[in-house]
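So this first bit is one chain, no partners, the form predicted on its own, shown in structure tokens.
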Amino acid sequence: MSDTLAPVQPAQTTRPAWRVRLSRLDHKGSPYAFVAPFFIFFGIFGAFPLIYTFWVSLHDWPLLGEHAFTGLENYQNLLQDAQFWNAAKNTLGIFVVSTVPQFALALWLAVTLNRKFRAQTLFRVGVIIPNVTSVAAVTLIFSMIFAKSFGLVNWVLGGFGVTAIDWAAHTWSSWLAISLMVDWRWTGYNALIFLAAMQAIPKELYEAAAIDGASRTRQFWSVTLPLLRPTLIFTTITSIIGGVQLFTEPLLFAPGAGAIQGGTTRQFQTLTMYLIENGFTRFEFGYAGAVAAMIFLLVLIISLINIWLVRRLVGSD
């Protein structure tokens, strides 16, 4: 007879089959339940309006009367519309003039604010103040600053012998004035996003670069900028969306009866202003829907181009 005793096996409890199935359902279905609210709201307030707008663009859709299906006729007319191409030119021009210096200044601000100095928290909070200011108030103030007769800019230029400029009367001058409004409001916002991304970069990388003899400039180009690529892509896409949909600044820059036209010769009318003009001034909702669809397509194309450019400039995976 052996002196060793066999270990006692614990009693196995059998779980009911319905509890097993419920546990499996909870394990597999919980992730979908957690993300479902976002997709439900997106479907209601995002996807459905896009699809319905495209459906409207395929019709002759007046404010009153029957809605006649016209197929792609609105798009054919839109591609031959000189006012649409003028609005597209103004939109892209203001976007380029405002976004390029805005990103450069935001990166410089972020690098500066990332260093240790006195009252750095106060300065970090200060750069976001323009973004929380009412866009209508900002536009009205800048309109007075760029006024022809009593504006601050013309007063300063007059001190150097420059003749007063009618900033709202010319294409290049109106683009510049509107771009300065956009830059003043959004540069600090992008700078804080860049700053948050910079503070997430491990300090050991900078220490290793400094030991290898890399200057601050070389550290920025070789360490900071490549690691900021996801943040650059995010800010680029959001800037494209905001730039292509630019509306309030040019609308209030030269207020009046024909403000929606963007000046006497439509010199600073953007695509969104042209959309509103067709939809709520001319009440041609089908044509306005075609303009909205083209804006969506333009945002998509420019976003893809910018993502490709950012990857080429700061390196790829």
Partner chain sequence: MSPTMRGTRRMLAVTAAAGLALTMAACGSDDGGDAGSDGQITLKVSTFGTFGYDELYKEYEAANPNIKIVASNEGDLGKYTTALTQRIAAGSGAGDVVAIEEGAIAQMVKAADRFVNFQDHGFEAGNWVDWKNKQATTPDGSSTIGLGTDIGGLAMCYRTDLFEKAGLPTDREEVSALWPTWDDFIKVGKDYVAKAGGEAKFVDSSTNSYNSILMQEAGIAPGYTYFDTEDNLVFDSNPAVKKAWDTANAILDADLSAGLKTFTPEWDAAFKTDDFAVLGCPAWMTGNIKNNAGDDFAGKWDIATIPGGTGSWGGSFMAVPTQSKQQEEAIKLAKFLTSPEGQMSAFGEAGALPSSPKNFDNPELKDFKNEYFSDAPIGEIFIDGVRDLKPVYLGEKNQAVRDAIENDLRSVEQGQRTADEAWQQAIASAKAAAGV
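It should be emphasised that the depicted structure is a prediction, and the values quoted were computed from it without experimental measurement. Residue numbers count along the first chain shown, from 1.
Another form exists, predicted together with its partner chain; not displayed. Remarks below refer to it.
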> Does its partner chain get within 4.5 angstroms of any non-hydrogen atom of Thr53 in the predicted bound form?
Replying inline: yes
>> Taking its partner chain as it sits in the predicted bound form, is Leu25 near enough to touch it, meaning that at least one heavy atom pair lies within 4.5 angstroms?
In response: no
> So in the predicted bound form, does any heavy atom of His170 sit within 4.5 Å of its partner chain?
Replying inline: yes
>> My question is simply whether Thr281 lines the interface with its partner chain in the predicted bound form - judged by any non-hydrogen atom within 4.5 Å.
In response: yes
> Thinking of its partner chain in the predicted bound form, which stretch from 177 to 185, 142 to 150, 93 to 101, 211 to 219 has heavy atoms inside 4.5 Å of it?
Replying inline: 142 to 150
> Can you pick the one in Leu192, Ile233, Val111, Ile201 that has a heavy atom within 4.5 Å of its partner chain in the predicted bound form?
Replying inline: Ile233
> Looking in the predicted bound form, is its partner chain within 4.5 Å of a heavy atom from each of Ala254, Ala259 and Ala293?
Replying inline: yes
> So which residues in 32 to 71, when you check its partner chain in the predicted bound form, have a heavy atom no farther than 4.5 Å from it?
Replying inline: Phe42, Phe45, Pro49, Leu50, Thr53, Leu63, Leu64
